[in-house]
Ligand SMILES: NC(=O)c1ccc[n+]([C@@H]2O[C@H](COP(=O)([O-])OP(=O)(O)OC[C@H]3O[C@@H](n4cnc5c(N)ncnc54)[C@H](OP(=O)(O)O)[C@@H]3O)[C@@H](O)[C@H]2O)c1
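Below you'll find only one chain, the form predicted alone, shown as structure tokens.
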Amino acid sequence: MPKQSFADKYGPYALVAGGSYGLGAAFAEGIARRGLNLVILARNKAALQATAARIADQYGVEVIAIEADLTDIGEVKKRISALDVEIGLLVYDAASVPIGPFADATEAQLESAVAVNVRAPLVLTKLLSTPMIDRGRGGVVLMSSLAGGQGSPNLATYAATKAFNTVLAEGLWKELAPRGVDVLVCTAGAIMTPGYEQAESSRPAPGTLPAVTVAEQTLNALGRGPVVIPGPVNKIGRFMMTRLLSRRATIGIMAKNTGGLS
């Protein structure tokens, strides 16, 4: 049997949550380059519409822009379910990142992190994977982080939510592969996005990659295993921190890198 093309396996539409700028926009562009139409979902209306227009013009694909707040998952589900398109690929890139000491975080910030980083990817994966299973083809990409491999001081809540996505994707990779649905988690290091550039006042962290590099390496890895770690520096770092060092030591290393965040 000939190997399916990316578009045949994951088309005709892909949904990118958090697709208005940064890594999400890089994913949307990479998917459009592979011949799929798009649904991009984000909260920033101006950035969302600009990205949709640019990709549609450059790649000749249909791009449906949905302005929505991922903390309101009921409304998001309603908007997606109303679409008369077949979505064969979900890429969930949206994130809420409370930065700073846990003692200083508000309950609203913590609830937003759980809603955007845990509840929304879980519910959207369920919503969109069900018809994929029925069709016997499709894909799901969830974004995680090297911060989620261990406790990360001053990013404690964010790191915990990313650990959830890693474990969820690994379990679903094994469950859904026999049903024709590929699941992948991207465990990324620092990514050169507008948000990162604003937060990072000094030199970029070791292993920092452009958003397009992370997106391309992730899309190329879909269907090849449960986890992708873009960049050789990040692969080495994760191996050392998960295989060679104690948990106490890895938390200490993270504290040196994240202890100054506020």
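Throughout, we count residues from 1 along the sequence that is shown. Note that the structure is predicted; figures quoted are calculated from it, not measured.
What comes next is about the form predicted in complex with this ligand, which does not appear here.
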Quiz item: Where, among 170-178, 142-150, 80-88, 99-107, do residues come within 4.5 Å of this ligand in the predicted bound form by heavy atom distance?
Solution: 142-150
Practice problem: Indicate whether this ligand has at least one heavy atom within 4.5 Å of a heavy atom of residue 156 in the predicted bound form. | Solution: no
Quiz item: Quick one: does residue 43 come within 4.5 Å of this ligand in the predicted bound form, counting heavy atoms only?
Solution: yes
Self-check item: residue 185: touches this ligand in the predicted bound form, heavy atom cutoff 4.5 angstroms
Solution: no
Quiz item: Does residue 13 reach this ligand in the predicted bound form if we count a contact as any heavy atom within 4.5 Å?
Solution: no
Practice problem: Could you check which residue among 68, 228, 52, 61 gets a heavy atom within 4.5 Å of this ligand in the predicted bound form? | Solution: 68
Self-check item: Among the candidates 128, 73, 95, 163, the residue which, in the predicted bound form, approaches this ligand to within 4.5 Å (heavy atoms)
Solution: 95
Quiz item: For the stretch 16-35, which residues lie within 4.5 Å of this ligand in the predicted bound form by non-hydrogen atom distance?
Solution: 18, 19, 20, 21, 22, 23, 24
